[in-house]
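In the form predicted on its own, a lone chain appears below as structure tokens.
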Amino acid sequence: MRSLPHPDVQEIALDQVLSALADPIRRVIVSQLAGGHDDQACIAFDLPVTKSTSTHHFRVLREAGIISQRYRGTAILNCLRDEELAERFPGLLDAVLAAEGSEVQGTTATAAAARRL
């Protein structure tokens, strides 16, 4: 069975995690994984990028230790490593997800206000 390399919890570096989460596309992926069920296939994400670019984003998240990936047939399933991240960097993922939610809500409110004008 094919497998993909993942860092051990002790190897997850803060700089790499923060760098990975700095990209809005990768934050969308993390938010969807946090809000959904485990083991979501890459095709389940409606991202505004090409397939090769989305593959790159998933690889960056995996190499940073934010997600785990495994093969099931020809599909790659993704799972958020939330418990491991909370163990390594308590509160970090929750803070990022809360900020991402606030940013999305703020954008929606701004758009709604602009439509009323």
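Here the structure is a predicted model, which is why all the values come from computation and not from measurement. So that there is no doubt, residue numbering starts at 1 and follows the sequence shown.
One more form of this protein, predicted together with the DNA, exists but is not displayed; see below.
K.L.:
Please run the contact check for residue 73 against the DNA in the predicted complex: heavy atoms, 4.5 angstroms, yes or no?
P.N.:
Yes, residue 73 sits close enough to the DNA in the predicted complex that at least one of its heavy atoms falls within 4.5 Å.
K.L.:
Since only the chain is shown here, I'm wondering whether residue 25 would be in contact with the DNA in the predicted complex (any heavy atom pair within 4.5 Å).
P.N.:
Result yes; residue 25 sits at the interface with the DNA in the predicted complex.
K.L.:
Consider residue 79 of the chain shown here, and say whether it contacts the DNA in the predicted complex, taking contact as heavy atoms within 4.5 Å.
P.N.:
No - in the predicted complex, heavy atoms of residue 79 and the DNA never come within 4.5 Å of each other.
K.L.:
Is the gap between residue 57 and the DNA in the predicted complex 4.5 Å or less for some heavy atom pair?
P.N.:
Judged by the heavy-atom cut-off of 4.5 Å, residue 57 is in contact with the DNA in the predicted complex.
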